[in-house]
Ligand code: M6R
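Quick heads-up: it's one chain on its own, the form predicted on its own, in structure tokens.
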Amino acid sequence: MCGIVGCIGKVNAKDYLLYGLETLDYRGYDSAGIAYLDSSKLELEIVKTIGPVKALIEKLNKPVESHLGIGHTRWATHGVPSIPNAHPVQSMNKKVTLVHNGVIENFQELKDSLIAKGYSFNGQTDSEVIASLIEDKLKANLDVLYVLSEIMKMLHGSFACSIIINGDNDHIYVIKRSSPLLVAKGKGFHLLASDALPLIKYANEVFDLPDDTISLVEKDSFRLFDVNLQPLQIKFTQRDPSLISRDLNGYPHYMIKEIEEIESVVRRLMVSYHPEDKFLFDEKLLKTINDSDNIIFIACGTSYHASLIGARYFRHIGKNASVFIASEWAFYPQIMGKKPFVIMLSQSGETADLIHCLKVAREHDLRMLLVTNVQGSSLERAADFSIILNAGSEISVASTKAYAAQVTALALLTNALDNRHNIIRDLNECCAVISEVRTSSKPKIEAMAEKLKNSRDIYFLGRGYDYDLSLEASLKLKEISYIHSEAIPGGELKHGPIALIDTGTPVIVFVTDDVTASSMRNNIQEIKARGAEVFVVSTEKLSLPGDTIVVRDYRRYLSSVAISSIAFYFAYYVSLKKGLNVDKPRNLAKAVTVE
């Protein structure tokens, strides 16, 4: 949440900052702003707006000569979206200007101490407290690095801050803990950004800043220190531009583009982890899992739903497996077995709740696998093992292709553990279904969306793997259409939820699991008897006349690969027909980097 950019050196600061913020606005779009050094006046100019970055671009429609600047697009935590709360923020006497991503847990205590010294504040953010804290410490010691070292020891919580000191036109200072920030180097310049997306256009040599570090960034050099100011080594790596593209390729929205990339993502995973009839997972990883007696899945949101399916896969091959919501496990960890093994799922690799869980896991000496889409992310660097999804950039806030990639990766992993190579046959069947849905089923899905776009409530029903898919389908609909939705196991209807069913209540039912199909048909009759308007998604061999969407048969354990796109298209079309912002739903951001 929140996006940071910065630059120094032989680069047009205004152009990079605005481009970078526009690229990162999926991380937050409550407000935006930049601070840049005007080369003609050698004065720092600050421009801020409420709302998305587009408004900031319109406000800065004049030529600007600058080679130093920082910028920010905000997802509000402390304080409502407003100009005083928008970043960049400044210290009381404007000695310090900074942008900040993260949450300072003890900010009120620090703020009270500054108020007692006579400091005042324009807004309500914890970020402004950091700026004035730096200004206050610089009164006693002009060594900026020393001051930042002392302040890092005072701050509790998470932060990535890019800092400009008034009068120092040759440096950007950075402090970082538990919030993502990357540095890229070019010829005569350095760039900063919260992820690699804005950097690749300018330079593809990228370095992910480690936690608890201080950086000194100049046009021709970049130095890194720990909190005690001991120098640290730096190793830049090349990033593949093809996996970090923001090109819409003719699509009207990122969400539908990313839905229609699911098949290619699945095929890429097949090639990455099972080329030429052999699995390519780390042998140490496979041995560690085989030796463990309990698998602990930890995740949030969409990744949690993928984890539910992964746990089913592990139980199917004889492993004990349980699934926990990260924000709960972090405070109430459950660690079962003599040799437990943790599997965390995070699309960004920067999820704050999972970073908290990682620290707890380390306290208990637990080994860990991370399944993520971002190589080099904070969690990926800290994990014992990682599986990289290589799904490419997912810009739409509502995850689609990354979810299908997570399920695919877990299916490949469990098949590797059980040495079953029929997974490739099964995934090829899935790809055929995905292609069929893309080419043939969208008109039916769009018609269903048109019919249900004004619904107050929509329910999803399923059993087994179909219930797991129902959970994700319901979440997608909530996220981008703002329609109240619930996923209900078919057998649980009669234990309370059926009281919600009334004449005309829309219920979408998945019947793709031959183990539960007969029982699901009984559940359909139960809700029809109460007047529900039922829409059935089924496979050919389980279909009945009147089913809404029928797809070719596939192996039931891969439902969330084969037909998740039906759920995603439905949410997309409902949101579109309601005139909502499909890619940027209210109150949400892509990478959840605060707890």
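Residue indices: 1-based, along the sequence shown. What you see is a predicted model; the values in this text were computed from it and never measured.
Note that the form predicted in complex with the ligand isn't included here; everything after this is about it.
Novice: Does the ligand get within 4.5 angstroms of any non-hydrogen atom of residue 392 in the model of the complex?
Specialist: Contact with the ligand, no.
Novice: Just to confirm, residue 397 within 4.5 Å of the ligand in the model of the complex by heavy atoms?
Specialist: Residue 397: contacts the ligand in the model of the complex.
Novice: Given that the ligand is not shown alongside this chain, does residue 479 nevertheless sit within 4.5 Å of it in the model of the complex, heavy atom to heavy atom?
Specialist: So residue 479 counts as contacting the ligand.
Novice: Hey, in the model of the complex, does residue 512 get a heavy atom within 4.5 angstroms of the ligand?
Specialist: No - in the model of the complex, heavy atoms of residue 512 and the ligand never come within 4.5 Å of each other.
Novice: Does the ligand, in the model of the complex, lie within 4.5 angstroms of each residue among 404, 575 and 582, using heavy atoms as the measure?
Specialist: No, because 404, 575 and 582 lack any heavy atom that approaches the ligand to within 4.5 Å in the model of the complex.
Novice: Go through 91, 303, 485, 414 and name the one with a heavy atom inside 4.5 Å of the ligand in the model of the complex.
Specialist: Checking each option against the ligand in the model of the complex, the one that comes within 4.5 Å is 303.
Novice: Answer with one of 408, 194, 351, 127: the residue that has a non-hydrogen atom within 4.5 Å of the ligand in the model of the complex.
Specialist: Residue within 4.5 Å of the partner: 351.
Novice: If contact means any heavy atom within 4.5 Å, which of 213-221, 119-127, 293-301, 447-455 contacts the ligand in the model of the complex?
Specialist: Only one stretch passes the 4.5 Å heavy-atom test: 293-301.
Novice: Output the sequence-ordered list of residues from 535-556 with at least one heavy atom within 4.5 Å of the ligand in the model of the complex.
Specialist: Residues within 4.5 Å: none in this stretch.
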